[in-house]
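First comes one chain, alone, set out as structure tokens in the form predicted alone.
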């Protein structure tokens, strides 16, 4: 039975995991939006009196070896990390949904062709493909990194959506629409897609979190953006300068802890939504 809007809100407010996930993501969104008002320097500006200085009244999170303000880097790095997650999540989700919907509904040779392409990309390790693509680009901005990640993260979405579409297209309301002469495009977007809305939202959340982790992996091996800053680049620079070994905890803890919390918040958000929309999980 389909949940009404009031029922969804009722179960959502009662779900502890969903509340935790929303609180974590809301906090980092506040940091991302309001933080620039308190950042007194640019991310790469030499703002401290001393290199590798611990937190103080001037540099609230200390400075790097190059006298850069870590608080400013943290603010702008959070913005870049969220932007990568959002853009890559949108790209990966859109490509996966489009291929999954059309492959599942049209079927036949069209389905086989799209699934063959999907299966080929599934057996290629995504991180290896990302490394190859990123290594040969002369310039890597946040947007370019997002496109690369999004264009390699869609195959599992396409397979999952195709499976759901194959099931839904056998339902009576879809058969009735087909008999009535409704175009396949309208059937997909007006009859099939709305019945998968909750699943689509959860897919986007998974794509969002996965894109952040892929971006951090690329940053850590030196294939991140060639300009700007991100949380992954902050960790990579701290590692390169042996911050852990020499005890510069203020250099790597903010970025490392933030990445962990953001991904954990998205996990709680996804799990909570699954419990809200899934009657079997909701009744446990």
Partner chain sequence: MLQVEGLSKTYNKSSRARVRAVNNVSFSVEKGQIVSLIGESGSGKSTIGNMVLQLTKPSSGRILFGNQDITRQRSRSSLKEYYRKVQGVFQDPFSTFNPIFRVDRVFAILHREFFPNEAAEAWQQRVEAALLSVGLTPAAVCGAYCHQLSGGQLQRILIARALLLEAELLVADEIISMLDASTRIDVLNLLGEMRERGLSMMFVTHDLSLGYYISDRVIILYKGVMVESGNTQTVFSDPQHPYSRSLLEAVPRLDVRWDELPPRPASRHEAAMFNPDCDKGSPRMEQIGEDHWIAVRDCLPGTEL
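All of these numbers come straight from a predicted model, not from anything done at the bench. Residue numbers count along the first chain shown, from 1.
A second form of this protein, the form predicted together with the partner chain, is not displayed here; the remarks below concern that form.
For the three marked residues, 176, 179 and 183, a heavy atom of each sits within 4.5 Å of the partner chain in the model of the complex. Although the partner is absent here, residue 195 is a contact residue: one of its heavy atoms lies within 4.5 angstroms of the partner chain in the model of the complex. Proximity of residue 108 to the partner chain in the model of the complex falls outside the 4.5 Å heavy atom cutoff. Residue contact check for residue 172: one or more of its heavy atoms lie within 4.5 Å of the partner chain in the model of the complex.
Taking non-hydrogen atoms only, residue 190 approaches the partner chain to within 4.5 angstroms in the model of the complex. Heavy atoms within 4.5 Å of the partner chain in the model of the complex are found in one stretch of 128-136, 109-117, 164-172, 75-83, which is 164-172.
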